[in-house]
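First comes one chain, alone, set out as structure tokens in the form predicted on its own.
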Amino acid sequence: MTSLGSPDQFSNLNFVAGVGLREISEYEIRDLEGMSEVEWTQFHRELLLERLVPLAAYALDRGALTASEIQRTQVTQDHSRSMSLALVLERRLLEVYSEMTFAGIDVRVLKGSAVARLDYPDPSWRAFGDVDLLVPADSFAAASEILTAAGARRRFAEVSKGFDSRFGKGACFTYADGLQVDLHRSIAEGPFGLTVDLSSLFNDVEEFEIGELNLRTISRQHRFLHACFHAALGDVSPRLVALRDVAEMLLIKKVNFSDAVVTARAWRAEVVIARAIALAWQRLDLPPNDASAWADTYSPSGYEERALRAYTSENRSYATQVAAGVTAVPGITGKLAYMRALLLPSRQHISGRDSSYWARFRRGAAALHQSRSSQ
């Protein structure tokens, strides 16, 4: 995500992302006032893109950052706007969550409000830009209908009838007012999303309150694993806020790391946890500990290496990820159904992603060939 021209700006962003993970007295004070106008404009832009404004506001308040009055005012105003957006999103969350619960859907809140309220010392430290919900695979179609009936439009049509409930990560729905709800069946696209034990995500429940409503989310351990999936697989260069989530849960909330590794091993995804921790410790310049030592020395299996390339290679795309997912689908019948859906999708899906069936076939075949040749 970050594309800064100045190493100092890059260092300052990393500093902001890590502030609060140690005692303030342990930090060397950073001065933003010495930046040129161009440097500040770029740094300010990156604070917004990386969703670090709340942490910058905290650092300014505690004296870990010093800034001019103009700079301080901009950060304060940005923080106010990000928290206002959070309130608007939480109102939409309450509406959608209530409708789905009333319809008998066992819905869970992911990321956003759940992480801000349960995994940070103060919800005002964590900005977010949409609503994420997880539903059981057999409820995905019904949950999608509820969102559509409420006026939300799905960004891309389903690959083919039944694909979402059986193989997909989820779908993005956008309302006329610009608010977005991401509806999840799994916590990742591609091979790593297909090896997650989805039923286990609904077994252990943790609740948090917004207004007078108690909302359900996944367990602390599963939130940590989801944070790792998001940080390691979501972007080639992950947002700093995603890396902060990983460090926050390990260092401050003291998630049971050993148990998390056991679960990741069962999901064939230890490399995802290792990558997320290694990136977080490197980018946030954190002192070594048992988790970072494990991540630095972890040796992935051949399957993990091949699967990870679908998310981290230069040719990373939706097509490469879903093509790589073939190896993770159990059984010959399942693999054939998966490949058929990808190579012969619905016309509605084609119109949103490709110009024709032939273009789709060539793109899917190329991605599948690339996935196989890398094995």
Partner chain sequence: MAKASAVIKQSPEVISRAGPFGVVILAPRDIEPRLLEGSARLVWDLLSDWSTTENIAESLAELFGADHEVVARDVEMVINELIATEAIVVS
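None of the values given here were measured: they were computed from a predicted structure. Residue numbers count along the first chain shown, from 1.
The form predicted in complex with its partner chain is left out here; the points below concern that form.
Enquirer: Considering Ser84, Ser199, Asn214, Ser258, which brings a non-hydrogen atom within 4.5 Å of its partner chain in the model of the complex?
Expert: In short, Ser84.
Enquirer: From the list Gln282, Ser237, Thr76, Ser301, which entry has a heavy atom within 4.5 Å of its partner chain in the model of the complex?
Expert: Contact check passes for Thr76.
Enquirer: Quick check on Asp164: any heavy atom within 4.5 Å of its partner chain in the model of the complex?
Expert: Contact with its partner chain, no.
Enquirer: Would you check, heavy atoms only and a 4.5 Å threshold, whether Lys253 touches its partner chain in the model of the complex?
Expert: Looking in the model of the complex, residue contacts with its partner chain do not include Lys253, since no heavy atom lies within 4.5 Å.
Enquirer: Even though the partner isn't displayed, in the model of the complex is Pro136 close enough to its partner chain, meaning a heavy atom within 4.5 Å?
Expert: Answer no; every heavy atom of Pro136 is more than 4.5 Å from its partner chain in the model of the complex.
Enquirer: Looking in the model of the complex, any heavy atom of Tyr58 within 4.5 Å of its partner chain?
Expert: Because a heavy atom of Tyr58 falls inside 4.5 Å of its partner chain in the model of the complex, the answer is yes.
Enquirer: Among 222 to 230, 282 to 290, 88 to 96, 102 to 110, which stretch has residues whose heavy atoms lie within 4.5 Å of its partner chain in the model of the complex?
Expert: So the stretch in question is 88 to 96.
Enquirer: Is it true that Pro123, Phe128 and Ile210, all three, sit within 4.5 Å of its partner chain in the model of the complex, judged by heavy atoms?
Expert: Every residue of the spot touches its partner chain in the model of the complex.
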